[in-house]
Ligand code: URA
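In the form predicted alone, a lone chain appears below as structure tokens.
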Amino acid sequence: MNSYKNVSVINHPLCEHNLSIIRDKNTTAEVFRSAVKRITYLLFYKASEELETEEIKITTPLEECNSKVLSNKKEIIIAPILRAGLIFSDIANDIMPFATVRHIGMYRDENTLTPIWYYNKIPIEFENPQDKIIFILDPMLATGNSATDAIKLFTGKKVPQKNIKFVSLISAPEGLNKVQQLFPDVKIITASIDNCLNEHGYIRPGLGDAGDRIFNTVEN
């Protein structure tokens, strides 16, 4: 049962089915990527359900009517954490082709489990930061170190916490607790809350290294 505030878990049969596929160590990279993409659609429909709309008039082949479209007063920013987050951004672009993509590059030091930055495509400052809606994308929310660093990048530019969504495939309690302690108003959307982290900072039962499995760089 999910007892976390501002954390949404996708409880859907199709999500559970595809989670089983990506957890299986014998799943090929091709099948893994396909299953991740199917889960990502479900995650983004949930993550985007609070986007603001405005009413317009359109003319159908039969008559004029009122209809709703996304508000143009908000700028939507997709921020995938490289490299594993790229598979999320492909789907996000399909769903929201009008969004801006801002890549974030960091990798984890395997000894300290702290993130090391190597790429940042975020502006020095935002004009009207209160009008930005941010989707930070990373398949694994493990220790929470990368997640909180990415969130700080936007809150440091005065984007309100409530405007930030963190989207992940699988989350560990340790990562959820850290994000919620530092950023209680950031919403987290995930497909599963797993048991814990192991001594190497990997999620259990998890699915291994998401980036390696997505890009077929698993070493035997």
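All figures in this text were calculated on a predicted structure; none of them were measured in a lab. Numbers for residues come from their place in the sequence shown, where the first is 1.
The same protein has a further form, the form predicted in complex with this ligand, not shown here; the description that follows concerns it.
Although the partner is absent from this view, A210 contacts this ligand in the model of the complex, with a non-hydrogen atom inside 4.5 angstroms.
In the model of the complex, this ligand lies within 4.5 Å of some heavy atom of M140. In the model of the complex, none of the heavy atoms of H103 sits within 4.5 Å of a heavy atom of this ligand.
At the 4.5 Å threshold, heavy atoms of I203 reach this ligand in the model of the complex.
Contact with this ligand in the model of the complex, judged as any non-hydrogen atom within 4.5 angstroms, is confined among 89 to 97, 124 to 132, 140 to 148, 73 to 81 to 140 to 148. If you take 83 to 110 and check each residue for a heavy atom within 4.5 Å of this ligand in the model of the complex, you get just R108.
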